[in-house]
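Single chain ahead, written as structure tokens, the form predicted on its own.
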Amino acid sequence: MKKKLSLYPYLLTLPALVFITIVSLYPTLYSFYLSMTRSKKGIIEFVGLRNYSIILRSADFRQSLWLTIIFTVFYVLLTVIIAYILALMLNRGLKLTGVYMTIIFLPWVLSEITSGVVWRWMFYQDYGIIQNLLAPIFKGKALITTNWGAMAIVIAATTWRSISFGMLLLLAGLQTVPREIYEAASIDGSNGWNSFWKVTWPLVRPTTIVTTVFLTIQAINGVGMVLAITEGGPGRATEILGLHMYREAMQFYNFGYAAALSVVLLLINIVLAAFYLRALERENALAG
């Protein structure tokens, strides 16, 4: 009887484990296999580590990696800063907080493709709303057709969509800080900016690290917004790693090389996930 009871929880989770294995583990293992093959005239041949060797020598890969770093740094930095400001404001218990939360979360509710198409329309040469407003400053030149302008638009659009998510995580961290600590700090003469650095920041730092790592993982794997706004252009000016992999597979049908890129992205994600779990452990330890 005791043996049956000990096996009962595992039997309950078995269907979920089998499903996760089918939809997650198998595609991962197949990607490893596919990354060591090459399709030539419809025939798949095993080439070992050749695709990885091509990646290391590829100028397109290095450019995509560099663009990914630029995109990730600015996107994460802007998202965390703006989300922090909004979280601090809402944590004070403003009137109509529900209305503000609804407005802030509207971009997150929209799909990436929908949001991306709307942002692309706003920067069209002839009838883009924002483009017409900025035209006098940039002498009528369409920002989305310039390398730096296209990247700036992608970063701004992705930040706009992710602010609510970052704000929610940071607001949850802020609300775990007891009010008594602020009252004690106020008695000691700590107010405003000084109170933030000496009280709020040390206590919410683990949550901030978790949020930063989570946003970084999103940025590394992001494809939808960039694809909808610029499709990697002009040229390859916004072709980050995720989009580079997508184009190699879906446009050029270079599945072996694309699979090798996916393995590289997986390794990057494993490193980031390790940082995420470490930060999560610190946050849980602090909460305990």
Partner chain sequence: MKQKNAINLLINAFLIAFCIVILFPVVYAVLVSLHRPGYGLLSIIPDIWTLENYQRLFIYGKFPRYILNSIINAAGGAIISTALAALAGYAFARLEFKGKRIMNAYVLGMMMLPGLVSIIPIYRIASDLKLINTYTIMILVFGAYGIPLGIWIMKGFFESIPRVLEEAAAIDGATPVQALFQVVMPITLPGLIATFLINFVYSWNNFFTPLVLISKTDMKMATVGLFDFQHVLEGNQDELLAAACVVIMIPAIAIFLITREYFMRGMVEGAVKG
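Owing to the predicted nature of the structure, the values given are computational and were not obtained by experimental measurement. Positions refer to the first chain, counted from 1. Definition used throughout: the rigid core is the maximal C-alpha set that superposes within 1.5 Å between two forms.
Just so you know, the form predicted together with the partner chain exists too; it's not on screen, but the next bit is about it.
- Within this chain, residue 107 lines the site of the partner chain in the predicted bound form, having a heavy atom no more than 4.5 Å away.
- At a distance threshold of 4.5 angstroms between non-hydrogen atoms, residue 60 is out of contact with the partner chain in the predicted bound form.
- Although the partner is absent here, residue 238 sits far enough away that none of its heavy atoms falls within 4.5 Å of the partner chain in the predicted bound form.
- Interface residue remark: residue 98 is counted as part of the site for the partner chain in the predicted bound form, having a heavy atom within 4.5 Å.
- With respect to the partner chain in the predicted bound form, the three residues 8, 117 and 169 uniformly fall within 4.5 angstroms at the level of their nearest heavy atom.
- Only one segment in the set 70-78, 147-155, 169-177, 194-202 has residues whose heavy atoms sit within 4.5 Å of the partner chain in the predicted bound form; it is 169-177.
- Proximity to the partner chain in the predicted bound form, taken as a non-hydrogen atom within 4.5 angstroms, holds for one residue of 65, 54, 249, 36, which is 249.
- Counting a residue when any of its non-hydrogen atoms is within 4.5 Å of the partner chain in the predicted bound form, the one hit in 64-84 is 82.
- Superposed on the core, the two forms differ at residue 12: its CA moves 2 Å or more between the shown form and the other one.
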